[in-house]
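In structure tokens, one chain follows: the form predicted on its own.
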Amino acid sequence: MKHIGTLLGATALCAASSLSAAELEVTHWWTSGGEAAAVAEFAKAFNATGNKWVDGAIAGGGGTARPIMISRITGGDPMAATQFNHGRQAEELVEAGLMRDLTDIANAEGWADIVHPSSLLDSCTLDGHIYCVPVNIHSWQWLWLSNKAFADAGVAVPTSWDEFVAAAPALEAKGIIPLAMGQQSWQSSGAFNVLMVSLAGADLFLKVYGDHDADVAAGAEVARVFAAADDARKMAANSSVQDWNQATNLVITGKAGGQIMGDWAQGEFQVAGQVAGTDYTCLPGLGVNEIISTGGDAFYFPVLADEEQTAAQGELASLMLKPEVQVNFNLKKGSLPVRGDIDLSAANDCMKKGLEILAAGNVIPDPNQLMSPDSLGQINDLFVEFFNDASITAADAQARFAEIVGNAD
């Protein structure tokens, strides 16, 4: 009878779990090999609660995915959860009352005490209420180098941006593309911003993107950055790929010497079985100025009418910040965790460099936290033109850049 009672109790528990379980569609733009491996960690953890993660991956990156996500939410066909970058991308949706307030969960679980740096939770906060879950810290300020490419070219692996530029002729002589860069607009503007922080410093970056200072943007320091961007576009002239991960693959296979790309590139190296320090080298701050941005990703939860789905939303929001989930997700993603209290001893050499820079406080906000999506879109468009049209001089591009900065919101 004892065994029958136990069995009946277990059956009742399973029935109760299945009754309260819900399917949640989660939209995101993580479709590369490394990204897919990382998001699978979220799905696995959520499915273990008895609920079901319905994957809504949208190919083409954030620039393609965000308009689709926003259109669905404003059009009355919301998903249950959706990715945006840290910053102001969902601000209007929150103001319209379309996003769920997570303040009660955040307060109950002490998010303010565990999320580091605090600017990440600030980006989720509007009028004192918290509307999103920050899940990682992605930094843009990295130069990824193929050890094989430089060995094939007979030159030492560079330790700085200037050494990288100086090595370009030796790479080209061996048929190796010096700088891999895809054609998505955010890649070229992102590379420019990395050059700005690395070569001109954090204070100048904050004056341009934080203060929207057109005079600084038109000045001599930024002119030096545009000169470096001109070097970069010459080095990337034969990089005929579209997506960022295709450009990363050129580095992985030794067909390109390097790539300026965020730390999410680590996920691609990992999937390819490459080892940091052996197969590839990473230079935070381009080996010049070891500062990283604290951008990254957060999840928002549109307001739903279904009570079971609403309850499951709360479970998903909570588990995304659990220590073991943070570790498993970020190790696959190549990003840094938003929790400062977890063990990342399994991190590779490049991730450990990022953790050291973060611990030292050498960080800046991401442009998404400082400018509106419209202003950043104008900057993206400018750099697509600049990197693809050699007739646009650095001086002309700088003048247009300064005008956008001065009118930014």
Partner chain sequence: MAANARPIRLLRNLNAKIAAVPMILTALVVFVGGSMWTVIYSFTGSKLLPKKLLKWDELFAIPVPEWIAKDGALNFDIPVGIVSRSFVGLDQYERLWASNRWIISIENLAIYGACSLVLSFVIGFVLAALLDQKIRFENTFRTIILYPFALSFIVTGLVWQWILNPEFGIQSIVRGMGFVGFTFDPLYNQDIVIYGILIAGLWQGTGLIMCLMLAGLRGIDEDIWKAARVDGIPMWKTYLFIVIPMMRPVFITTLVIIASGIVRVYDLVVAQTSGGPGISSEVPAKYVYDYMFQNQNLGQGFAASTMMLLAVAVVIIPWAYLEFGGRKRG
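C-alpha atoms forming the largest set that superposes within 1.5 Å between two forms make up the rigid core. Positions refer to the first chain, counted from 1. Model, not experiment: these values are computed from the prediction.
Note that the form predicted together with the partner chain isn't included here; everything after this is about it.
Residue Val384 is the only one of Val39, Ala347, Leu355, Val384 with a heavy atom lying within 4.5 Å of the partner chain in the predicted bound form. Contact with the partner chain in the predicted bound form, judged by any heavy atom within 4.5 Å, is made by just one of Asn245, Gln183, Thr125, Asn85: Gln183. For the candidate spot formed by Asp55, Arg233 and Thr294, no residue has a non-hydrogen atom within 4.5 angstroms of the partner chain in the predicted bound form. The partner chain is not shown here, and in the predicted bound form it never comes within 4.5 Å of any heavy atom of Ser160. By the criterion of a heavy atom within 4.5 Å, Pro373 is counted among the residues contacting the partner chain in the predicted bound form. Put simply, Ala202 is far from the partner chain in the predicted bound form: not one heavy atom of it is within 4.5 Å. In the predicted bound form, Ala96 approaches the partner chain with a heavy atom inside 4.5 Å. Contact with the partner chain in the predicted bound form, defined as any heavy atom within 4.5 Å, is confined among 115-123, 88-96, 209-217, 329-337 to 88-96. Within 4.5 angstroms of the partner chain in the predicted bound form, the stretch 373-409 places a non-hydrogen atom from each of Pro373, Asp374, Gly377, Gln378, Asp381, Val384, Glu385, Asn388, Asp389, Arg400, Asp409, taken in sequence order. When two forms of a protein are overlaid on their rigid core, residues whose CA moves 2 Å or more are considered shifted, and Gly61 is one of them between the shown form and the other one.
With the core held fixed, the Cα of Leu98 is displaced between the shown form and the other one by 2 Å or more.
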